[in-house]
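Quick setup: one chain, the form predicted alone, written in structure tokens, and binding and motion questions come after.
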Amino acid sequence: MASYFFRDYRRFYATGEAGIRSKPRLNLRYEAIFGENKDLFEGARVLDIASHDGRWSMAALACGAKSVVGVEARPEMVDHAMANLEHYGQDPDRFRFIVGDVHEVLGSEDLEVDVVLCLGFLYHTLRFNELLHGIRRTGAHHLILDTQARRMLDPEPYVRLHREASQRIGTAKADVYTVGASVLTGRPNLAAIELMLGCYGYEVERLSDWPRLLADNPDVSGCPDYAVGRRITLRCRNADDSAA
């Protein structure tokens, strides 16, 4: 059963669109991302990609992470994240947030971490090489991905292109390649995700058990994409570690 983690951190319901749309969905995502992977966080250094209002950074710290670095392109969301974590009494030495383009930050900062969170971001970019190369640079042992994955069981890897408006929080942010008000993004299926991960030395360790989560919490609404496999949560590991 869902623990409803965010009932103890209700500010996040107000500072991000996802919480407003569906509080039960947000709490069930916590179970898939953290509840099933708590063993990764005790004493870990964590990188939170597209850290939004700090909700997942807060969750990582609550699960025992040693430190968290968040990267977020929108300054107003970093302001929310800082205020939220300070409100909940987190030691400022254990977290910091960087305002900037995720790809540029990953390419310029020397971020050494144990776990990377890439939650709700993969389908807001087409710069997959930069993203995965940057993650590889961190030396992370594990990567947790939460992403859309249409036609998940299709064995042929493919990426579906989208034109995404950039003005609204929760959509792609304009970058150096943007012309006008739209960003070109891509949504890979599971086969494409596995192929790309393999090119950068990572492999899927397991998928979070969304069918069980939904069966155990039948009153939770707002998760039709997870229910039919259009969205998935993956625990990935550094293949070098598993070979050692």
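So that there is no doubt, residue numbering starts at 1 and follows the sequence shown. The shown structure was predicted, so the numbers you read here are calculated from the model rather than taken from an experiment.
Beyond what is shown, the protein has a form predicted together with a small molecule; the following relates to that form.
S.K.: So the small molecule isn't shown here. In the predicted complex, which residue out of 119, 143, 113, 132 has a non-hydrogen atom within 4.5 Å of it?
M.R.: For this set of options, the contacting one is 119.
S.K.: Given that the partner is absent here, state which listed stretch (195 to 203, 215 to 223, 60 to 68, 43 to 51) has heavy atoms within 4.5 Å of the small molecule in the predicted complex.
M.R.: Heavy-atom contact with the partner occurs in 43 to 51.
S.K.: Using a 4.5 angstroms cut-off on non-hydrogen atoms, would residue 74 count as touching the small molecule in the predicted complex?
M.R.: Heavy-atom contact with the small molecule at 4.5 Å: present for residue 74.
S.K.: Is residue 123 close enough to touch the small molecule in the predicted complex, meaning at least one heavy atom pair within 4.5 Å?
M.R.: So residue 123 counts as contacting the small molecule.
S.K.: Would residue 100 sit within 4.5 Å of the small molecule in the predicted complex, counting heavy atoms only?
M.R.: Yes, residue 100 sits close enough to the small molecule in the predicted complex that at least one of its heavy atoms falls within 4.5 Å.
S.K.: Can you check whether residue 108 is within 4.5 Å of the small molecule in the predicted complex, heavy atom basis?
M.R.: Contact check for residue 108: no, nothing within 4.5 Å of the small molecule in the predicted complex.
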